[in-house]
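Have a look below at one chain only, the form predicted on its own, in structure tokens format.
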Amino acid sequence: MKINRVLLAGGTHGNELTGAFLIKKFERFPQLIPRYSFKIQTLLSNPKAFAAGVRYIDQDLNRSFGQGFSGEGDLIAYEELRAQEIQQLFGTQGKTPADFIIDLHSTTANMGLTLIIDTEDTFTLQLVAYLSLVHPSIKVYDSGNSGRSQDSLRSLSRFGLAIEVGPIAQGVLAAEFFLQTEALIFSILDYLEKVNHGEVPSLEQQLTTYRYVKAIDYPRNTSGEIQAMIHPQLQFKDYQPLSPGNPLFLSFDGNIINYEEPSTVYPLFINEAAYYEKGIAMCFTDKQQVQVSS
């Protein structure tokens, strides 16, 4: 296997500034990127949304791929047009197809430094296991069961992942997360260089992953209006166990709504600001131990 082209994408959501400004930094100071055996291309994914300081113009770009575009007459939303442009450039049948995509995101949830993968194939597991040794604080979220492997920007290449960092408010830069994300990018590129030179380290280890189970919404009335908030004991507790009987929501009249399902789960994206419109209060995951072998 040889990596010929890597795509670094940021600003897929226009108000997530960590990724957008990292792309701008790399484009302004290309000499800061070491020389690799593969070509690195950068992409400010949603320039109109970035300029306007909003997540998107018409619809979520990161859910606009893989739609089987049939012609401009069928494309209405700006993000549909943008997704088509990106796919025609970097998709597997594009003009400059990417072998690996790194898509940069930030979240208002307390997810620290998270790698989002869509599959647990050998190549991906070896990569994230290596990264977990270099950056022990990272978490690995397997979103494969969520359907994101079909409609996200990272789905355009055979291999890829998203980096999600937070908590960061929308429209805000945080130097600590900016630097951590940059360091993680270079660790990924270093590993891909090792792949090209046949120098991949031999890894035999247990890797913790958090596999998507389902998303849940806030309690709502018949008009669709939210009737309860994330319980204070759960707020900012991403990746922490949520067991039967634990507080889940707090209604406006002070009633506690407990988690009543039979098994312990590990919530992610708790109270993510961008997910209110999607009807998602959090995502439930299962914590798994995966054996990584060379």
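Small disclaimer: the values here were computed from a predicted structure and weren't measured. In case it trips you up, residue 1 is the first one in the sequence shown, and so on.
One more form of this protein should be noted, the form predicted together with another copy of the chain, which is absent from this view; the next part is about it.
Only one segment in the set 223-231, 239-247, 256-264, 58-66 has any non-hydrogen atom within 4.5 angstroms of another copy of the chain in the model of the complex, and it is 223-231. In terms of contact with another copy of the chain in the model of the complex, the residue from Val200, Leu133, Ala77, Leu173 that brings a heavy atom within 4.5 Å is Leu173. For the three marked residues, Leu17, Leu179 and Ala273, a heavy atom of each sits within 4.5 Å of another copy of the chain in the model of the complex. Under a 4.5 angstroms non-hydrogen atom cutoff, another copy of the chain in the model of the complex has Ala169 among its neighbouring residues. Using a 4.5 angstroms limit between non-hydrogen atoms, Thr108 touches another copy of the chain in the model of the complex. In the model of the complex, none of the heavy atoms of Arg35 sits within 4.5 Å of a heavy atom of another copy of the chain. Annotation for 1-36: interface residues with another copy of the chain in the model of the complex are Leu17, Phe21, Lys24, Lys25, Arg28, Phe29, Leu32 [heavy atom within 4.5 Å].
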